[in-house]
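A single chain comes next, written as structure tokens; it is the form predicted on its own.
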């Protein structure tokens, strides 16, 4: 597997390595598209560990994560879920958007995220202890979850936490250029357009322009679509369905390109 591209923003690589060495679980906090998933992929590669990723949602059950009995060839056999596989193999387990999962899922992970580093599989009666190489990483979006779900303090305080924010202009420009293939001038224009939109707090957007959206816009430009249309379909439309807000953002696109 080739090395995933990731541009460090601060000391997150050093912090992750230290947490891994001390067998501490990690929580990544930040808005959608801020690089959390890419960072985990990068660190798994750097540490030489397999990565098992799970995108959590409100239908994610404990059985989905731990495992279940299945009927195979006329016999009932146990099949590990992603959490059990990661614990047994010493993989890095990444639970994306953990706050979206059902409460019963979060509760069963408590014993895996403290000093016990184990999980009880009630259906088989097995008390599964994590190998030394195992690490649990979770992520969630605090801003988005304020109006929906929030992690309880009893869960949050089990993790070392890293905050992911929008990179500085020069760093974000380098990321957009590298990831999308546009030249540095166009990448800078995209970033400066995004920063203008990010300052429009009066629009009341649930999410603002992420680096991921800028990379998508850059890829569209690199594919031959004009900058204005690329920003419209890759940034504006994904952000909002409100026609008035779309018109406002289109004006900023026209001023930027």
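Numbering follows the first chain given and starts at 1. Owing to the predicted nature of the structure, the values given are computational and were not obtained by experimental measurement.
The form predicted together with a further copy of the same chain exists for this protein as well; it is not shown, and the discussion that follows is about that form.
This chain is displayed without a further copy of the same chain, yet in the predicted complex the stretch 68 to 76 from 183 to 191, 68 to 76, 130 to 138, 168 to 176 comes within 4.5 Å of it by heavy atoms.
The three residues 40, 227 and 253 each lack any heavy atom within 4.5 Å of a further copy of the same chain in the predicted complex. For residue 124, a non-hydrogen atom is located within 4.5 Å of a further copy of the same chain in the predicted complex, even though that partner is not displayed. For residue 198, no non-hydrogen atom is located within 4.5 Å of a further copy of the same chain in the predicted complex, even though that partner is not displayed. Among heavy atoms of residue 19, some come within 4.5 Å of a further copy of the same chain in the predicted complex. Using a 4.5 angstroms threshold between heavy atoms, residue 64 counts as touching a further copy of the same chain in the predicted complex. For the stretch 107 to 121, the set of residues having any non-hydrogen atom within 4.5 angstroms of a further copy of the same chain in the predicted complex comprises 107, 108, 110, 115, 116, 120, in sequence order.
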